[in-house]
Ligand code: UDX
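Only one chain is included here, represented as structure tokens and corresponding to the form predicted alone.
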Amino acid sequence: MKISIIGTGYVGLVTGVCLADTGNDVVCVDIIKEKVEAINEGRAIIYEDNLEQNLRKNLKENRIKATTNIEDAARHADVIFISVGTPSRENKSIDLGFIENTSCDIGKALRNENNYKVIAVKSTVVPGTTENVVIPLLEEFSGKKAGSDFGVCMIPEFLREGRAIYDFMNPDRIIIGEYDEESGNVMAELFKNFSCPILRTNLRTAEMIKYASNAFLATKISFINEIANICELKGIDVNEVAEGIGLDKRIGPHFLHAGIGFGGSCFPKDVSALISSTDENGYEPKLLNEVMELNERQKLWPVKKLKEIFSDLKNKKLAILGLSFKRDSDDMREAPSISIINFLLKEKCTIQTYDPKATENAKKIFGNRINYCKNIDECLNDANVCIIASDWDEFKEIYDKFELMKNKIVIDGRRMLNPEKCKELNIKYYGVGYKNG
């Protein structure tokens, strides 16, 4: 099929590259000229495993290109994906500005088109958005009618950052929210070669499935972090507890790794948007509110430990390993490291950091207020305490490197290290959900 994708952020670019990889003719659209040039030169504008390699392969085979011209892209396409950002406003509600602008632009491009096309919303939007915002704007600016002149679908994404290519090509399920049967049939044809269940629903059900999925996973993370805090008080290792409850088929082992909370572009934003969207209905989602509040508290767990160790943090040299919100990603959005560093800067600490991929994004946040190191050794050198804030694999076997520190004290916010091995090496170890110290 001929595919156009409006928006070349994380979801848009991954979707475009993967659909090209499955034999489709893809045009990616963005209003930022530098992004378009980078894509056409084979440079991925985000860090994601295998993304740049696959982009270059499909450019060479003439299956993908990028443009700033939305009208040309719309004329090109059988299916037009809307994959623009839906950021949070200050009050945590969803900002639909990019969705609205894109819907208007697509509508204008459709005005002189006679071929049937499907507009598929890939952006994460609160239930009712496709019906109440996207379709009216498409109809107004095109002068055409949804369901007869063009189709509309809502296709939520379920991609993990760092594993997005794999997840797209090996989905657990594909959800097709359809305005009408013909619209859904086009999308079912596009995804027919994927070996997973395909669930066809109405538009707002598809929108809700995305929010409910993220809300459940966020809840599971906050749950195990709450259990970890209780385990620490009781002298129990939460990892053993997680293993035990994860063997229950009703619970499962996934997302039961205790740590310092979730971050990224999805969970915080989507759960907050869902909470905010219930205000107009007069409903208070108490469980989801507590999930978010507990997550914010959990981000500062390392600070709590620091204050137990030192009565005064001023002028202490702290090494922070990991800046991104998770391994295999350069994404700093809502990363726990931000909360930790901001607190420690107020305490007049000296902070030296290392992250394999996120340093450049961190510089946009902290500027020259912290030190950015080229490797683990440089980061740990002469530090009073090491805080592990992201779960990069290279942080797992670094026991000998703690000899570089002034004090061999480790606050492990991701449970990367073996506490018993730390004890053998006289490393003072504090880990989430473990009888510390």
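This one's a predicted model, so the numbers in the text were calculated from it and none came from an experiment. One rule holds for the numbers: they count along the sequence shown, beginning at 1.
Just so you know, the form predicted together with the ligand exists too; it's not on screen, but the next bit is about it.
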(request) With heavy atoms only and a cut-off of 4.5 Å, decide whether S123 touches the ligand in the model of the complex. (result) yes
(request) Tell me, yes or no, whether K35 is in contact with the ligand in the model of the complex, where a contact means a heavy atom of each within 4.5 Å. (result) yes
(request) Although the ligand is absent from this view, report whether L217 comes within 4.5 Å of it in the model of the complex, heavy atoms only. (result) yes
(message) Can you work out whether M416 and the ligand are in contact in the model of the complex, taking contact to mean some heavy atom pair no more than 4.5 Å apart?
(response) no
(request) Among 325-333, 301-309, 343-351, 130-138, mark the stretch whose residues have heavy atoms within 4.5 Å of the ligand in the model of the complex. (result) 325-333
(request) Identify whether the ligand in the model of the complex is within 4.5 Å of every residue in the set D237, F366 and D412, based on non-hydrogen atoms. (result) no
(message) Please identify the residue among E232, E178, E207, E161 with any heavy atom within 4.5 Å of the ligand in the model of the complex.
(response) E161
(message) Between G85, P356, G147, P285, only one gets a heavy atom within 4.5 angstroms of the ligand in the model of the complex; which residue is that?
(response) G85
(request) Counting only non-hydrogen atoms and a 4.5 Å cut-off, give the residues of 20-35 close to the ligand in the model of the complex. (result) V29, D30, I31, I32, K35
